[in-house]
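Encoded as structure tokens, the following chain is the form predicted alone, with no partner shown.
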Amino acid sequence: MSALDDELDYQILTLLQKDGRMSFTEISKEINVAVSTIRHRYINLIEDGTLKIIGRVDPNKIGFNAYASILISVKPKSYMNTIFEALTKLPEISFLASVSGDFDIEANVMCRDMEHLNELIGEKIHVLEGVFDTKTNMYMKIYKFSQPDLELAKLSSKQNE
């Protein structure tokens, strides 16, 4: 988060994490800064990619009842890029990353049910050339799902000064 100008950006981001629909007027009153300043900072945060306002839905409440992490082993490693390209196109995948350890890729997926999950793994993931092995961990109950605490980033940037 080194792209942040100063404390004001952190304050704006912290308020928007709590309520992404908070108006510029409400933000300006909360931190005692002109609305035009908030608007300008907000636009800059959006344009530089630091901030993206999205609606977060509860997967269980809209019919996604099979939420899982799929670990994928790739052999040979020369297939990594093509597998990532294919996986990014799958709408069931909500998080995709390269990882260290026994596996190469982690994909978090949201499926309607176990049948949908089995179809995804068997018909869309295992069929990709280079996918050697997978391990699926089901999320039984989610206890915390949140945005990062911006105070942690501030501490890190102060230590690097």
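Just so you know, these numbers come straight off a predicted model, no measurement behind them. Numbers for residues come from their place in the sequence shown, where the first is 1.
A second form of this protein, the form predicted in complex with another copy of the chain, is not displayed here; the remarks below concern that form.
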Seminar exercise, completed: Heavy atom within 4.5 Å of another copy of the chain in the model of the complex, from candidates Glu123, Asp102, Asp133, Glu129, belongs to Asp102
Problem set entry | Touches another copy of the chain in the model of the complex: Leu117 (any heavy atom, 4.5 Å) | no
Problem set entry | 4.5 angstroms heavy atom contact with another copy of the chain in the model of the complex for Ser36 | no
For this session: Would you please decide whether Thr88 lies within 4.5 angstroms of another copy of the chain in the model of the complex, comparing each non-hydrogen atom pair?
Result: yes
Exercise. Can any non-hydrogen atom of Phe84 be found within 4.5 angstroms of another copy of the chain in the model of the complex?
Worked result: yes
Seminar exercise, completed: Restricting to 51 to 69, the residues within 4.5 Å of another copy of the chain in the model of the complex through any heavy atom are Leu51, Lys52, Ile53, Ile54, Gly55, Arg56, Val57, Asp58, Pro59, Asn60, Lys61, Ile62, Gly63, Phe64, Asn65, Tyr67
